[in-house]
Ligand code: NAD
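Below you will find one chain, with nothing else, as structure tokens; this is the form predicted alone, and questions on how it binds or moves follow later.
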Amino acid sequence: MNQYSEILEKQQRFFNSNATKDIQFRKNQLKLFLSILQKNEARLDEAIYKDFKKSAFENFATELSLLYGELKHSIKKVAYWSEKKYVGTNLANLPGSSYIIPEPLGNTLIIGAWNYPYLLSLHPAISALAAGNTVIVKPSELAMNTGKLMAELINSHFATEYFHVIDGGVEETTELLKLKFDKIFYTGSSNVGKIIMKAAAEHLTPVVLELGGKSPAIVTQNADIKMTAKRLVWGKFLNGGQTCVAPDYILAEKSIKSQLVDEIKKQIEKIHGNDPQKSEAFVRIINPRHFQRLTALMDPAKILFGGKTDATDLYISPTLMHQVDWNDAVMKEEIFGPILPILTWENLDEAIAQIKAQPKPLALYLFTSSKKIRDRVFSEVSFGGGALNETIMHLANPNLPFGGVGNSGTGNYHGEYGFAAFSHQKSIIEKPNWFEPFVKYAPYNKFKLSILKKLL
């Protein structure tokens, strides 16, 4: 038995003790979790800066604040989420009552991603703990400093049999995937998502896959161009473009392309200055491999703005590309970096057709003042989630589920949806002993059949 089997066996025994099913226990553990993060905020800032020069401001805005919010929300709501829920009882089951008991699934594995290392490793863990499960977290090895710090903080404050972080790389993940968990939650690429699902299938383990894709931003001629540009620049270049729900490309109505491009340039300079390399708000590319992948996507002949790179600093400036089509390298994969291609369209049918010809995206952003266009796009195009006249902010609302569809993922979480993702809805019917319908039992006859048809 290897060390991971031993940890999982400890967690299985602890779960079977029923300790995690106690609501006060869950609340106390979530409060401890919150306290650990808040007391170590400076160390969390330091580690993430070492990984890719992410500022304390951005770390709080895009990671820690969301974790704090989810923890506080879960502490407040977990008792309500865990309550027995009564539902209607149909005629065939009267007299009787029907209800649903949310119960924890058991032992869970969470495999995090490097681009928001705290958020994408610990946010689903909050949901799993709130639902009453034990948790093993495997952070990404690419964000090395944050992974080590998460392991130190969690493993020194929580019992191994309840909540544990395993630091390591592909080898460690491979070994973990050989084990039988009751739920696996993975955030990352579609290619690795297929590997996770295949491994889980060996044990019939259900999975939540939070993947990605090419998320479009549609801009119409009646959009507020200045505000559109401001929100696109913020959403696209946040975290150096390394955000799974970042606008991957713009589909601009042809008549306003030039105006939109001019405003985007102004907003880049306004937010990041004349030299974004010196901006504290501009995060670096995670490692040389991703840097090389991104620079290979940049066709110099099609760069409209930016295009500056510095391999020693893993820096790529905010870059706009135009005159691209779906045959260009930059349009054949999720960019996941500070490169923004701009395509155009002349009628909405054309824009919708371009999106629907690709795998379903994780997000879609529509910039328009037309309710008719809004209703059409949101009803005709399938995507995980999105926004009207905004980018990214939909995932900051704990009352909205976050997740993909098709190639961009399966399942969702955040708030009560996260609690549900790590729970089983156990259905119960209660019957009294003073009545039993005779039509259930043989011998059968036409009279019983006529009654049965009325009941059912």
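In this text, residue numbers run from 1 along the sequence as written. Note that the structure is a prediction, hence the values are computed from the model and not measured.
The same protein also exists as the form predicted together with the named molecule; that form is not shown, yet it is the one meant from here on.
> Mark Gly306 yes when one of its heavy atoms lies within 4.5 Å of a heavy atom of the named molecule in the model of the complex, and no otherwise.
Answer no; every heavy atom of Gly306 is more than 4.5 Å from the named molecule in the model of the complex.
> With the partner left out of view, is Val170 within 4.5 angstroms of the named molecule in the model of the complex by any non-hydrogen atom?
Val170 belongs to the contact set for the named molecule.
> Quick one: does Ile195 come within 4.5 Å of the named molecule in the model of the complex, counting heavy atoms only?
Ile195 belongs to the contact set for the named molecule.
> Does at least one non-hydrogen atom of Gln267 fall within 4.5 angstroms of the named molecule in the model of the complex?
Although the named molecule is absent here, Gln267 would stay clear of it in the model of the complex, with no heavy atoms inside 4.5 Å.
> Of the options Ile355, Leu297, Ala151, Leu177, which one has a non-hydrogen atom that comes within 4.5 Å of the named molecule in the model of the complex?
It is Leu177 that has a heavy atom within 4.5 Å of the partner.
> So which of Leu366, Ile339, Ile126, Ile111 gets a non-hydrogen atom within 4.5 Å of the named molecule in the model of the complex?
It is Ile111 that has a heavy atom within 4.5 Å of the partner.
> Just one of 222-230, 181-189, 375-383, 345-353 has heavy atoms within 4.5 Å of the named molecule in the model of the complex; which?
One stretch meets the cut-off, namely 181-189.
> If we check the named molecule in the model of the complex, which of the residues in 242-271 reach within 4.5 angstroms of it by a non-hydrogen atom?
If the 4.5 Å heavy-atom criterion is applied to the named molecule in the model of the complex, 242-271 yields only Cys244.
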